[in-house]
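Single chain ahead, by itself, as structure tokens, in the form predicted on its own.
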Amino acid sequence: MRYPAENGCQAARVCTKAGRAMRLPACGSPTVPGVITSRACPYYGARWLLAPVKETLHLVHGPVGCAYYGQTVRRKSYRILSTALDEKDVVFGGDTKLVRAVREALRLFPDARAVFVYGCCVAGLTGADLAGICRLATRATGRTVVPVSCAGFGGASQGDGHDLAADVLVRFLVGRTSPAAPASYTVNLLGEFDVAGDLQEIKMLLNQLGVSVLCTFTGEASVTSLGYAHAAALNLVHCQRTGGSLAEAMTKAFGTPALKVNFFGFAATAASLRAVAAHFGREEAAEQIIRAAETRVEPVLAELRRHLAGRRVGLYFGGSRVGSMAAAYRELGMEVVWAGAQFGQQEDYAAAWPDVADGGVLLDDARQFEIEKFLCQAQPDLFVGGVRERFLAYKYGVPFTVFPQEGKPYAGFTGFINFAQDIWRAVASPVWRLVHSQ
């Protein structure tokens, strides 16, 4: 399958797998002005990482529309405050308004231990001294007031906001306290957001291994747990795009080693448990867990593979999940014919490459017409993407599942059964026979 972009000015953004030579799409470039894609801005990327952090207030120094936009993250609604900058503030400056807003926020919510102040596009354009104001506010209030300079024009996508948020977490919150009684085997989970219970599945497996989680960045994080996260013996990077920069920063600041893991798919979960066990010398415990899971899970998976083997699937995710998830579909016997991401990295596409079928397409920052072209021409048996792609797939009569998922956990051994069952329910629904009979 060929796309117009392959012959145009952004040919490197799209590539077709042919032969053994690895060709990866270029990524990290700004979207062409005027082109509509699924990307968000750095401000929303920062919100994605920071929104779940407990014991904090979130204050948007920008128009009220930016606050409204950042209120919902991963289909969860969070409390968010705003300075509601208007035309007068653009002309005369909004610094005084920000100082008053921080004081008022802490007066209304005195239990907050930290305040994140997001500097949006308007604050960036007017040259607001976000860092200076936050330093003054920290001294005046006795709370940690954190500047998050995330103007939308300051990066190519929300991925840049992930990096900004990771930097402020390590600089302002991590390493401020010490745990009361650190356990022998402790880890942090980086890039895990507890979607539909995934975190509980992962923690259960680690606990069976004898490993405890000090802090989860940021699905189950608080100012308290972030404060002693540096005491962990190992960082587990579950999402490279949101956790990779955190791991690098913590290694540089505290010397914490990092290990890339993936708990999506039976084989990936088993490999991750073995890797963690090898670090702590718990290899026998890991093998017992895997053997027990295989006895319980494999008969169910064998039946689902019988139904799913050979079916063609297209994947379009946010960031680095495209690499880890492609292997999970291949493990079910499915053929990955299209793999893309809104803001992927080279290592993400390199991880996906072995699991993409010959002739399959890899692309970064897909335009809507490119997704339509794939759905119309390839007629895959399943398309997987975010909520924005759901009805586009339905329009072309293609079964669809959303990722990150909306119902049950997909992580771990039990989660892999949920994952496979949801795929089978989607592709086996009787509605598709009616659609294609018209």
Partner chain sequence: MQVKEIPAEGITYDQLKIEKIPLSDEYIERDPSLVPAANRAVVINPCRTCMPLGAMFATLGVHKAIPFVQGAQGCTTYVRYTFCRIFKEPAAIANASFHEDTAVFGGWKNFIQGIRNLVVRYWPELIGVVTTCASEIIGDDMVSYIKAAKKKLAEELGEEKAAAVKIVLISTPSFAGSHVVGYDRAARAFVETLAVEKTAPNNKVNIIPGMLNPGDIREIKHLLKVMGIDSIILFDIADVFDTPLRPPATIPYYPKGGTPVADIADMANSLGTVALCPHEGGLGARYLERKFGLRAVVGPPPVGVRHTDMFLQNLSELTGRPVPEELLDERGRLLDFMADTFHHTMMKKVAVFGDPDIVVGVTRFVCELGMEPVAVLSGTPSKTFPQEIENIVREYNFAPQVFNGSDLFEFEEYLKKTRVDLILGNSKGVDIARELEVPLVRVGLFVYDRVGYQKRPVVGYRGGEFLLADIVNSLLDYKYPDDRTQQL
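Numbering follows the first chain given and starts at 1. Computed from a predicted structure; not experimentally measured.
Same protein, other form: the form predicted together with the partner chain, not shown, and the subject of what follows.
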May I ask you to choose, among Met334, Ala101, Val213, Leu169, the residue with a heavy atom within 4.5 Å of the partner chain in the predicted complex?
Ala101
Ok, Gly323, Gly152, Pro147, Gly318: which has a heavy atom sitting within 4.5 Å of the partner chain in the predicted complex?
Gly152
Can any non-hydrogen atom of Thr218 be found within 4.5 angstroms of the partner chain in the predicted complex?
no
Determine whether any heavy atom of Ala112 comes within 4.5 Å of a heavy atom of the partner chain in the predicted complex, and answer yes or no.
yes
Check whether Leu57 has any heavy atom within 4.5 Å of a heavy atom of the partner chain in the predicted complex, and answer yes or no.
yes
Proximity of Ala286 to the partner chain in the predicted complex, heavy atoms at 4.5 Å
no
Could you tell me which of 104-112, 236-244, 192-200, 356-364 sits within 4.5 Å of the partner chain in the predicted complex, going by non-hydrogen atoms?
104-112
Listed by sequence position, which residues of 70-89 have a non-hydrogen atom within 4.5 angstroms of the partner chain in the predicted complex?
Gly70, Gln71, Thr72, Arg75, Ser77, Tyr78, Arg79, Ile80, Leu81, Ser82, Thr83, Ala84, Leu85, Asp86, Glu87
